[in-house]
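Okay, here we've got a single chain as structure tokens, the form predicted on its own, with questions on binding and movement later.
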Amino acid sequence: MTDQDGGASGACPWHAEAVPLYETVNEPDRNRVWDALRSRFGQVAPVLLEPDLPAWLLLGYEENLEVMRDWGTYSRDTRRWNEIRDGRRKLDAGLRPAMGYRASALYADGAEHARLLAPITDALGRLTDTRIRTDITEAADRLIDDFCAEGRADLVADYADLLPALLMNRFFGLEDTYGYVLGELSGIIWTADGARGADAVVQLRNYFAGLVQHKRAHPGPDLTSWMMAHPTGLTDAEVIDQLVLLSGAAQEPTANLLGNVLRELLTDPEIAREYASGGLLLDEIVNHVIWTEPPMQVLSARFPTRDVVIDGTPVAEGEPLLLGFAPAHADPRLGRPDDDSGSPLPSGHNSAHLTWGAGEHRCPAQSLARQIVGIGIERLLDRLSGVRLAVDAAELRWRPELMSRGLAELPIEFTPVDPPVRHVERPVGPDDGPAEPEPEPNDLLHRVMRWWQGSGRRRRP
């Protein structure tokens, strides 16, 4: 950060004023946090992501939009971070994943970004709408089959957290068994348990390295094989990094959005009635939730390629700027939405939110994410009757996370129903024997499965 007269500094003299954002993770009303920062600092606030990790948080809608669109001035490449550049930190040396670096499209700019992104967008473009809808429906049904006879479930752990992973695992070209593993690994990474998270990162890397290893020997009509065969000519290491990016972008934001929309339907009787009667479209409810409880509240990071001034605040070259989706959506300069229609969701028709990004780093899979949420909710409500919260709405708690916004759990009750007979293989849980003959010892996917089987995670049917 810079001192108040705009001079650059290596030690960041604004440390004394920077607000420890990590101390606000248990605040249920995050808008109070954004309002307090805005009233004190304006549209750009000095914050601490960790006790020794200062950054600027963009609070204003226009300020966020400007930074996302101007990739020439605001780079996504973490190697431009002033603390990396000046040798005070090293890449991947104990950094949180959002502030780390990989050779993926997420961290690249310009021509390199386009080169790395092309295999992702072209592979996604080969997924037909029929295949997408079929796979989402089948994956959703498989998860519902796991709990529909019990009359109760946790829609976060049993459904929202697993559906995106199960689906992406199918698109990657693996059997559903590994989808459960991918979902649980992805969830562990976001927990506060640093040791378990670090272990999960290693296993997740093994999953993707094993996936590429497997598809190199057994290509098929799947995202992995298409990316590996793309004329761009990605190396295996580059394919792994793009798959990690694709999985991460699909998992946490989509799982949170699915859970947050289900929460809205289960806690607001008026919205539930309007949706059931056809007075509200599901897309309107999704838009409303994205505005009010975006699945990613804060996103790291952009790094100015030169000294800049944002809303009167001087920011030096290389100082990290955090994108603030949640504070931008609550920017009072946007005004209150016009609600002449009498709809309970005045923001439901407004799709100008920032959740999918803008500019060259705009999410290439937003349509897929919306389909996962939409079909996932439709299948759940079609399959189960009498769905209701199993606890008082006031008892629901958000996970204590800084950047994402998702529920810790969403317990429901419903009328039990026997699952239909489906001739599909079931995932092998901890303490079970091997599901198939012992593979070669260098099979990384098998190592991941063995780790999961012995990890003590909840056993699946």
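The first residue of the sequence shown is number 1, and the count goes up from there. Everything quoted here is computed from the prediction, not taken from an experiment.
The same protein also has a form predicted in complex with protoporphyrin IX containing FE, omitted here; what follows describes it.
Three-residue candidate spot 69, 285 and 287; no residue lies within 4.5 angstroms of protoporphyrin IX containing FE in the predicted complex by any non-hydrogen atom. Using a 4.5 angstroms limit between non-hydrogen atoms, residue 362 touches protoporphyrin IX containing FE in the predicted complex. By the criterion of a heavy atom within 4.5 Å, residue 253 is counted among the residues contacting protoporphyrin IX containing FE in the predicted complex. Residue 204 falls outside the set of residues with a heavy atom inside 4.5 Å of protoporphyrin IX containing FE in the predicted complex. Among residues of the shown chain, residue 147 is not one whose heavy atoms approach protoporphyrin IX containing FE to within 4.5 Å in the predicted complex.
Among 377, 155, 368, 321, the residue placing a heavy atom within 4.5 Å of protoporphyrin IX containing FE in the predicted complex is 368. The single contact residue among 325, 208, 180, 275, judged by any heavy atom lying within 4.5 Å of protoporphyrin IX containing FE in the predicted complex, is 325. Shown alone, this chain has one stretch from 103-111, 233-241, 180-188, 136-144 that lies within 4.5 Å of protoporphyrin IX containing FE in the predicted complex by heavy atoms: 103-111.
Shown here without protoporphyrin IX containing FE, the chain has 245, 246, 249, 250, 253, 254, 257 in 233-264 lying with a heavy atom within 4.5 Å of that partner in the predicted complex.
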